[in-house]
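As structure tokens, one chain now follows by itself in the form predicted on its own.
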């Protein structure tokens, strides 16, 4: 019996050695945000990965936090990934973590935002400074021969963000080079999101004079700005020229629909990133520094680009199907070989296999209990805890807002500080729970308090507007009517 077991183990070891799969490389991907542009990059990476089954990736998102991104990079170092892809939030803040990975012997591909120095393996990204120059050249074309400077509103991404800084610098430097009458530019911060851009542009249009053009530092903010102009009073359709940046699918659709006028491409090239990673891991030559070309997209070329994007998405779905069919077929072939060899060498070991099967069945049942039933119970408990946390967060946020409705300093920064969250985190958390941006939520709470004061006190509309920090009775009445469907004087 002992000899039979030894022979069986030797045989199984031989089979295992013969069927050892090729080495798989673990790739760590550190994304600074989860916006539409990075979704496009991720989709391009996934498409290219279908051609590289030897590579497996793990993505982690920092949600705009330098501290979190550095921590995530350090965790990839601890896990000893074979290669690291980093799209930095703020390049100089994340630079030390990138250097730590590079010094640990991990090849590092920096994507999108360049890290200074040379402690990285490859860089692939667009030229944000050139994007800013193209924004300026578009404004120069709008200025043309006009005798008065056109009034321009710049909707920037995020203070301190590398792309926001470089795009603004490229625009101002290019405008400084030209003579004659120059566009007059004012800036607001849109935080890279459509909803926040809508809020800040709406507020700007209400408080300031007429504008002729808007340059938004990404397509989502351009679309949000266009919606703000559409909803503002005193602006005819198409009277404000709007430019975005990125050339994502939503931006192309907006150009085709006439929502925005144009966009400067900022290629993501996730496919090239994966191709470069494969070359590095296999020891093949690769380009160390790749600056991607930027072009201007208008209605003439938006449609062909949109068709190309849709074709790529279809190709990605097709490749997924082909991959699954191929894997299934290879599994069938391998199973056939395995059982053929097993029938030859283990025919005389029937009773031993029956014993092994009994032990294996017991292990499978135990594994199912450990891996399926217990985790399901833990997931239910975790879901309950998450729901309770969201309810507690919502209640705490509501209490803070209601306690400070008459405080003129009640804004996104104040709310984030009170709740211990960054600006990006508070936007995401409030949006997930309430379906609204923080500014919209605060405004609605003030309007509901105003309605109570108007119904239960002798305060005038002007007094209520000033009490609840509206900039003017007129603006208060406008917001009140939009929310309740009638003016406060008609209640």
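Positions refer to the first chain, counted from 1. Because the structure is predicted, anything quoted here is derived from the model rather than measured.
Keep in mind that the form predicted in complex with ligand FRU is not shown, yet the notes after this line are about it.
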May I ask whether 37, 113 and 167 all come within 4.5 angstroms of ligand FRU in the model of the complex, judged by heavy atoms? yes
Does ligand FRU come within 4.5 Å of any heavy atom of residue 192 in the model of the complex? yes
In the model of the complex, residue 270 touching ligand FRU (heavy atom, 4.5 Å): no
Closest heavy atom of residue 224 to ligand FRU in the model of the complex, within 4.5 Å or not? no
Can you check whether residue 196 is within 4.5 Å of ligand FRU in the model of the complex, heavy atom basis? no
Using a 4.5 Å heavy atom cut-off, indicate which stretch of 65 to 73, 452 to 460, 28 to 36, 434 to 442 touches ligand FRU in the model of the complex. 28 to 36
Residues in 255 to 288 with any heavy atom within 4.5 Å of ligand FRU in the model of the complex: 266
